[in-house]
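We've got the same protein chain twice here, in two forms, each standing alone as structure tokens: structure 1 and structure 2.
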Structure 1
């Protein structure tokens, strides 16, 4: 089984939030990009969990080769992190545009998967922490003609199936849902999968010597219109964070509970 995990480099969301809460997050003169250069860049957390899902399949005894691929101007760091975690192959799809829209990103990823021998399973994070759109996986499955299963918290190979079949536990508002899908398929992974593993020092050192395969858009023979963004950012701004906290008086838990219920009734939130 060949598994391809799509990963994205993003700004550290915790650092961005800290800057925002401190009132120090600033937009540049272009009105679209941040001026801070000290915010670290790392692999999107949901994508890291998608890679963890692939590694867990291998740990469970599934014979597979795991590849990680990323679109962007400089993705070597996160790809080497993927190699340190256990990816067997890494590939970079460089672009001059640091923020291609989801149509362009999906077209590049789908073309790479197709040109590199296809995949039995394509894993993606459920969304990216920078734009929170979660559109790329659906566009990949449309381009490759594969079914899509979203918000997986567990993935395993279904036993006694005539063809490679995955049993997936999905997270839904009404609780868990278990579905089965025949390979090839695209699956998005949610944070309910659990904490991803950490690479060992030895694997980090070995990953430094691993160079990603560089594949240019020209090498994928994609038409020019496919690489033309359909969605273009016009403006980005930092919303004003207004704190409105009210402390409920009371000396004991019972008094606090009574005062809270009275306050909620006063605001007609409960009856």
Structure 2
């Protein structure tokens, strides 16, 4: 089977958090991108886990070709990382805008998947840690007419099915749910899948020599209509948090605890 994993480059969310916590997150002159050039760029964590899900299918004996594809201004680094982890083919869909419209990104990804020989399984992270939107997988599934299963924590091939069928354990607010879906399908992966593997040194070196196949929108002969943005980022800002914390006084843990409980009872928050 052919598995295509969609991966996105993002700013390291932990570094962004640290800047935010220190009150040092700044927006650049364009009014919409973060200025901190020291923040490392890396593969979106959930996407790395989506790739891990594909590799685990292969480890489990599923015969598959794994492709990784990315839309963005400069995707070579994460695509090589995907190759080092075990992707057999890597493809780049260049797009200049640093905050591209995700409808356009999804249209490009869907067209790439169709034109490159279709996929039995399209894997994506549940959302990107920069815009948190999580809509690209759904837009791809609709463009390709495939079913969508979200928030997988485990993916396996269902035993003894007539046609290739996936058995997926998905994380829901009510606990784990097990579903089955026939291929082709789009599946998103959640962090509950667990730690992704690290590439070995040898694979890293081999991946360095791999060049992503570069595919332009013209090459996909997409109608202009599909490439028209629908949701255009105008500006980004750092919201203020209005803090009014009262630090509860107390010399010892017991005093602190009693002072807090007294306040919570006073406010009728607890009995």
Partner chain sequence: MDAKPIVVCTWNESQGGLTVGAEEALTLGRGVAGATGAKLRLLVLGPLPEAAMETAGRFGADAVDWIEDAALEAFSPDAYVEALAGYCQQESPALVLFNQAADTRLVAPRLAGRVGAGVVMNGVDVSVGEGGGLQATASAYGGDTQMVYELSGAPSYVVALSANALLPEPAEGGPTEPECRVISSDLSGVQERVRVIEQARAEGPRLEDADIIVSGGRGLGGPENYKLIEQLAEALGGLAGASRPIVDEGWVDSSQQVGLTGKITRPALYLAAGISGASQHMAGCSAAKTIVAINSDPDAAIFRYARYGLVGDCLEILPELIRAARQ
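Rigid core here is just the name for the largest C-alpha set that superposes within 1.5 Å across the two forms. Positions refer to the first chain, counted from 1. Every value quoted in this text rests on a predicted model; they were computed, and no experiment measured them.
**Student:** Tell me which of the two structures is the form predicted in complex with the partner chain, please.
**Tutor:** It is the second structure (the form predicted in complex with the partner chain) rather than the first.
**Student:** Using a rigid core superposition, assess whether residue 250 undergoes a CA shift of 2 Å or more between structures 1 and 2.
**Tutor:** Yes, the C-alpha moves 2 Å or more.
**Student:** Using a superposition on the rigid core, decide whether the Cα position of residue 260 changes by 2 angstroms or more between structures 1 and 2.
**Tutor:** Where the cores coincide, residue 260 still shows a C-alpha shift between structures 1 and 2 that is 2 Å or more.
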